[in-house]
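Coming up is one lone chain in structure tokens, specifically the form predicted alone.
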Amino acid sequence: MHPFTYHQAESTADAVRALASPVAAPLGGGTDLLVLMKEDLVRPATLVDLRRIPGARDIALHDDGSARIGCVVRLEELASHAGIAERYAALAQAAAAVGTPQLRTMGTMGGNLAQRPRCWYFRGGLPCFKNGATDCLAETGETHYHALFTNGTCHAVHPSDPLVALTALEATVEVTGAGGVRTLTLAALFEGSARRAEGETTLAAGEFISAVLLPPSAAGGVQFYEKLMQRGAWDFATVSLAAHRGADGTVRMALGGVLLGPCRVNPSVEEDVTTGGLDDDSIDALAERAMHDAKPLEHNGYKVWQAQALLRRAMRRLDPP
């Protein structure tokens, strides 16, 4: 591993100053960053530990139903937090679905969103688009775990489980840097993720995800997260789905394992599910419509069927009595 120095930030201002260096990187749990360093895919000269920043480890639940989740809240804390489970069941279930107990104990909210793809071409250091080449090797290679939708050259998928739930719950992220604090939608955070060779997020140099923000509309209602995997445990999703019928009856659904970023289901499908009263034929038609724009590669067409199965199950669970 390339040598590096360690800086423990004592405040937000301290972290911003330290991350102003172009060779510095933020550190939360390190479950992905240290692996990337060992694989020589990143070579930061300084790691800036965010864990002692006041509020960074806090879960704040507000009376209006909104919440603020600090950037270094551990995934296990989310999965086991009674208030999160009561208000935002899909997020608690998604956090519980991540990796192993050891990984959940170390992995953090911000790091989970900012992690890099698990594509074997990228991780293997092969000359793919994310490693400085011009093409995506998955287009003509081994594609069992790759994307059904793409917004650019890269065909990898984002590996985060919580990202799927947060998309269905209309979460935003608080981003902090030398220019101050700004709030981004998840779509804006990952805009152009498959067209950006150096990373997947729109974070500027020196910025870090300081918190995840949940709106009042995310609380309660009917919500859940379901994940399909090659193995029964300790695996990334082949396809996953989060769904939420809010207190006002509005439905939002999101898919995982199909795109290099958040993948909300077609809003016209959500509107029809919101209306309710769906019979089996209507549910089948909506599931097909949701996947109409999918472009499977040679080996991942099975994901279309998996996604449709999850969508059909979700629609039946969301249909009001």
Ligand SMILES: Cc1cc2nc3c(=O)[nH]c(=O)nc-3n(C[C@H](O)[C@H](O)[C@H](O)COP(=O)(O)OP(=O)(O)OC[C@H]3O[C@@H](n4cnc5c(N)ncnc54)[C@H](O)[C@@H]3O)c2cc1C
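A residue's number is simply how far along the shown sequence it sits, counting from 1. Quick caveat: nothing in here was measured; it's all calculated off a predicted structure.
Missing here is the form predicted in complex with the ligand; even so, the following discussion is about that form.
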query = Within 4.5 Å of the ligand in the predicted bound form, heavy atoms considered, which of Ala92, Leu186, Ala114, Leu137?
reply = Ala114
request  = Tell me, out of Ala97, Leu148, Ala171, Ala219, which residue has a non-hydrogen atom within 4.5 angstroms of the ligand in the predicted bound form.
outcome  = Ala97
key: Non-hydrogen atom within 4.5 angstroms of the ligand in the predicted bound form for each of Pro26, Gly30 and Thr108   = yes
remark   = Of the candidate stretches 178 to 186, 239 to 247, 149 to 157, 115 to 123, the one with residues having heavy atoms within 4.5 Å of the ligand in the predicted bound form is 115 to 123
inquiry  = Taking any heavy atom pair closer than or equal to 4.5 Å as contact, tell me whether Val251 reaches the ligand in the predicted bound form.
reply    = no
inquiry  = How about Lys227 - does it come within 4.5 Å of the ligand in the predicted bound form, if we only consider non-hydrogen atoms?
reply    = yes
request  = Indicate whether Tyr88 is a 4.5 Å heavy atom neighbour of the ligand in the predicted bound form.
outcome  = no
message = Asp235 versus the ligand, in the predicted bound form: is there a non-hydrogen atom within 4.5 Å?
response = yes
query = Out of 41 to 65, which residues reach within 4.5 Å of the ligand in the predicted bound form, heavy atoms considered?
reply = Leu50
